[in-house]
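Only one chain is given next, in structure tokens, and it is the form predicted alone.
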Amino acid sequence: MPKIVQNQDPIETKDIPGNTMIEMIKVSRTYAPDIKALSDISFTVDTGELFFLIGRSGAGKTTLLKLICNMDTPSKGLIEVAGHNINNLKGKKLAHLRQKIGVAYQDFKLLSDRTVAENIAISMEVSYKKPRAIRQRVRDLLEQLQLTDKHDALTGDLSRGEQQRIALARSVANSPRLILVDEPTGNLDAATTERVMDLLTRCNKAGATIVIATHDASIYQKGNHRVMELRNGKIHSLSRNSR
């Protein structure tokens, strides 16, 4: 298991049995009038793990990610992130934990009237990083994703594939200890997909726990990691890919 990199201000995990980053116990989510998005979900993700969540559209992948980052609340069941019941956290404690979680949403959620650099810098600015360090981090991420020429472009003027990469860059910019990624390669060609996965792999090797929701088999069929498949809001299988 990759070690926590101490100089990246990790979430406190010293009191968590087995060093577990995410634990769900019998979690369900039902929307009105009677739409069952998730039913009786139980699993754990270890600190430093790269974990893939797969399934067809509508299987419940996005709902599960929203529950983990407290963008939605379960109808029943327990969700712990870094040893905290995330649905019981309020105010400063919740804000502090959220600063340690990076999320790349499927619909991007970029500020269309801001530049690419400004969008990526946001998560670092709220953590009071030094301006010089922010500028360097933004440049490094744009170079890794081959978007250097888009530094001063408005995100609203970018293609969907470019917006997708900017959303990913923003999610990892602040070196979060937990990264949640929803369909990171849906609008990308094979070469760009490889660059995106290289970036996420580097983050994982640096100590970040990463959960990737995807239907793209090409990104989870290689490597030694666990893959959980959802079907109709239920866990269909949970296995380790050893190839």
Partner chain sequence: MNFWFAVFRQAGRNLRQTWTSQFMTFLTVSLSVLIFAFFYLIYTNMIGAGDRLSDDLRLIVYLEDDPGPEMQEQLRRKINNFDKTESIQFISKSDAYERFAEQLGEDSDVLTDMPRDFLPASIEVVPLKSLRGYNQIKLFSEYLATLPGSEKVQYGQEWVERFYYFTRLITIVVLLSGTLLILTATFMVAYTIRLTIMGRHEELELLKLVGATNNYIRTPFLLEGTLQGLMGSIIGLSALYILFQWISLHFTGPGLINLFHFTFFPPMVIVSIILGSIGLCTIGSFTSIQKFLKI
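Positions refer to the first chain, counted from 1. Keep in mind that this is a model prediction, so the values were computed, not measured.
Another form, the form predicted together with the partner chain, is not on view; read the next lines as being about it.
Residues within 4.5 angstroms of the partner chain in the model of the complex, judged by any non-hydrogen atom, belong to 116-124 and to none of the other stretches in 139-147, 81-89, 152-160, 116-124. Although the partner chain is omitted here, in the model of the complex none of Arg29, Leu53 and Asn232 has a heavy atom within 4.5 Å of it. With a 4.5 Å cutoff on heavy atoms, Arg165 does not count as touching the partner chain in the model of the complex; it lies far away. Contact check for Lys130: a heavy atom falls within 4.5 Å of the partner chain in the model of the complex. For Ala169, no non-hydrogen atom is located within 4.5 Å of the partner chain in the model of the complex, even though that partner is not displayed. Put simply, Ile134 is close to the partner chain in the model of the complex: some heavy atom of it is within 4.5 Å. The partner is not shown here, but in the model of the complex the stretch 40-77 reaches within 4.5 angstroms of the partner chain through a heavy atom at Met71 alone.
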